[in-house]
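Just the one chain here, the form predicted on its own, laid out as structure tokens.
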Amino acid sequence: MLKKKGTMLSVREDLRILDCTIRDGGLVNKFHFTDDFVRGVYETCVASGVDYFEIGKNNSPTLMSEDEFGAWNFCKEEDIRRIVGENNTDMKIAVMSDIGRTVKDELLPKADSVVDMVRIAAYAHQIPEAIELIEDAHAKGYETTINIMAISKLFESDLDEVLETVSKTPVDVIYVVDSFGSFYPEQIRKLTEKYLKIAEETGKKVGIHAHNNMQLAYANTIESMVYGTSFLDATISGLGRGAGNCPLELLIGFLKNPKYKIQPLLKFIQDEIVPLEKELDWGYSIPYMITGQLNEHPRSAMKARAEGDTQFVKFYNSLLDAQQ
């Protein structure tokens, strides 16, 4: 993002773009992406100047079925290296750990891995387990983030307690996560201010991960960034669970930082994403809008989409009834 510095324009040196196309997009097809597709995303992100590439989840094959889920739900070291080699680029590699699906003893020391960052996804009641993973990953030499899920369902006092707790850990980045795509920009602004206050007191950074149920993922990402967030999550063409995420090409176009290049993204979209749209279902739709407006998990909308259900009034009323 360009900002004024005296009479000159400069860029914010603290900004980092994290691409989570494969990880969030993997929730659409159970991580059954081909090596060629994953390699294509990796190479596109390198060419575009992206700072971090999240290649998937490092869930344990002892807890989840390798018959049901593809390789990028597990991110074994040999699979990652098959795509990135030694990753002799400026872009860093990230994986995400889900609480209850990850075995910390299976995480290699950083010295033995091409991965640079471990991102921990946790709900408020899972924070004790998340802290264990954060401490273990740091002890092994990784950068870490904590993505606190479903905060739109938390009481403010509960969120304050969670933030105070995680701020005392060695985690590097604390993420504002709009899990259900239910936040408006003014809410994101207040959350960003809350997170930044904690982060500034403890020397941490803040990130934003937005979903697009109400067509606000891009707007909310920009809003959070303007108020001081440093780590910005995005996916190519918004590919991600349900309504998807902040589109990477929109974000890079907005930042106008010469470090970032949009042409490689446009080529990948025209060559790979356009055909993929005929196979996978993601992006804005009325059922996802409804779950976003009602602050509900999009699983019911995903089911309706899969079944071809277009009875939107009935769907809306059924969610309202369930909330009463």
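From 1 onward, residues are counted along the sequence shown. Given the structure is predicted, the values throughout are model-derived calculations rather than measurements.
Missing here is the form predicted together with a further copy of the same chain; even so, the following discussion is about that form.
Put simply, Cys45 is far from a further copy of the same chain in the predicted complex: not one heavy atom of it is within 4.5 Å. Shown alone here, Ile290 lies within 4.5 Å of a further copy of the same chain in the predicted complex, counting heavy atoms only. Within this chain, Val274 lines the site of a further copy of the same chain in the predicted complex, having a heavy atom no more than 4.5 Å away. The closest heavy atom approach of Ser224 to a further copy of the same chain in the predicted complex falls outside 4.5 Å. When contacts are defined as a non-hydrogen atom within 4.5 Å, none of Thr34, Ser60 and Phe69 contacts a further copy of the same chain in the predicted complex. Partner proximity in the predicted complex, defined as non-hydrogen atoms within 4.5 angstroms of a further copy of the same chain, places exactly one of 224-232, 153-161, 92-100, 105-113 at the interface: 224-232.
For the options Ala199, Leu216, Ala130, Leu191, the residue carrying a heavy atom within 4.5 angstroms of a further copy of the same chain in the predicted complex is Leu216. Checked against a further copy of the same chain in the predicted complex, the residues Gly253, Pro170, Gly141, Gly85 give one hit for a heavy atom within 4.5 Å, which is Gly253.
Of the residues in 66-97, none comes within 4.5 Å of a further copy of the same chain in the predicted complex through any heavy atom.
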